[in-house]
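Below you'll find only one chain, the form predicted alone, shown as structure tokens.
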């Protein structure tokens, strides 16, 4: 009897585990079904799907970097400001070469990410405190640079606002990130650090170096995404990338990303979460024309998702 009861308990634990892992996907499907009914099928119309895709690329690529930061147990609130400054760098350098502009933007993003990582690792300051400070610092630089008006890129940049190109770039970035995450030592180290730095250190990992490189990589990825951000409008203002950090964090939570990171992080959290967020952003105005009502419903949805997906057993203070 005891063996049967133990087996039953183990089965229940496994069932809850599988259900929790499926919740983000079920939630995404539920959102699509609910808003398809509420909008009379408008959200699945080709024009609306094209509009949603045009908004998903920057968020999808930038989320990959923050996903790695969250895996090691950190948070990054500076990604929107990094996107804004990197976009300005791209606009400046694009006059010489668009390829050089992309490289310069990625390097600028990497430098800002390294700035975050240095202060976090060297001075043992919590990641969310460091990145909140640099968020204001980088945003101030954006607004100072654009005081006299938007910073334009060369006109030829607008010709690259092609769906197939943006889709290809996003797919290449995701496949590269997944390969690193799934098939290299880097992914194992990041999950180990999120689960516990002491154990990771004894396994041969260097947590401080990995965390520094993670912040650097997150900045570089967002710097690369700034190219896609610029090709949509052709110029950059001081508000470029505003609220991106909030959108990324909400998207990852909607995708089932554990707040404390660790071994329970899944690469699918990026894709499912980003798509869920974009569907909500596109659908809510169709159902609720009043902005205040949209915010109210959005907040309720996010609270429900967090309540259903948060892992109370592994929850701890963010590093």
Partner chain sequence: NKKPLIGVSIWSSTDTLGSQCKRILDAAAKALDVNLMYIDQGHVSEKVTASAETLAAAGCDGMIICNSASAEMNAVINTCTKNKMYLAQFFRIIDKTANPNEYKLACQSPYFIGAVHESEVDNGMNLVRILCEKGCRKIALEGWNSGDATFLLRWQGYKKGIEAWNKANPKSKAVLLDPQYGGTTTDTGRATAEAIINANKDIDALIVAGGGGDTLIGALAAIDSMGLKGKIKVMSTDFLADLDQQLASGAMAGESGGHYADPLFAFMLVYNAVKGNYKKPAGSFYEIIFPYLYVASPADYEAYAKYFVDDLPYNASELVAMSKLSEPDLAKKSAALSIQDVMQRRK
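Residue numbers count along the first chain shown, from 1. Computed from a prediction, not measured in an experiment: that's the story for all the values here. C-alpha atoms forming the largest set that superposes within 1.5 Å between two forms make up the rigid core.
Keep in mind that the form predicted in complex with the partner chain is not shown, yet the notes after this line are about it.
- Query: Which pick from 221, 108, 240, 102 sits with a heavy atom within 4.5 Å of the partner chain in the predicted bound form?
  - Reply: Contact check passes for 240.
- Message: Only one of 98, 174, 233, 114 gets a heavy atom within 4.5 Å of the partner chain in the predicted bound form. Which one?
- Response: Checked against the cut-off, the match is 233.
- Item | Within 4.5 Å of the partner chain in the predicted bound form, all of 213, 216 and 274 (non-hydrogen atom) | No.
- Is residue 268 one of the residues lying within 4.5 Å of the partner chain in the predicted bound form, judged by heavy atom distances? Residue 268: no, not in contact with the partner chain in the predicted bound form.
- Query: Quick one: does residue 51 come within 4.5 Å of the partner chain in the predicted bound form, counting heavy atoms only?
  - Reply: Residue 51: contacts the partner chain in the predicted bound form.
- Is residue 158 one of the residues lying within 4.5 Å of the partner chain in the predicted bound form, judged by heavy atom distances? Contact check for residue 158: yes, within 4.5 Å of the partner chain in the predicted bound form.
- Message: Against the partner chain in the predicted bound form, would residue 29 count as a contact residue? Criterion: heavy atoms within 4.5 Å.
- Response: Residue-level check for residue 29: no, no contact with the partner chain.
- Across 136 to 156, which residues bring a heavy atom to within 4.5 Å of the partner chain in the predicted bound form? Contacts from 136 to 156: 143, 146, 147, 148, 149, 150, 155.
- Just checking, between this form and the one not shown and with the core aligned, does residue 48 shift 2 Å or more at the CA? Passes the 2 Å threshold, so yes.
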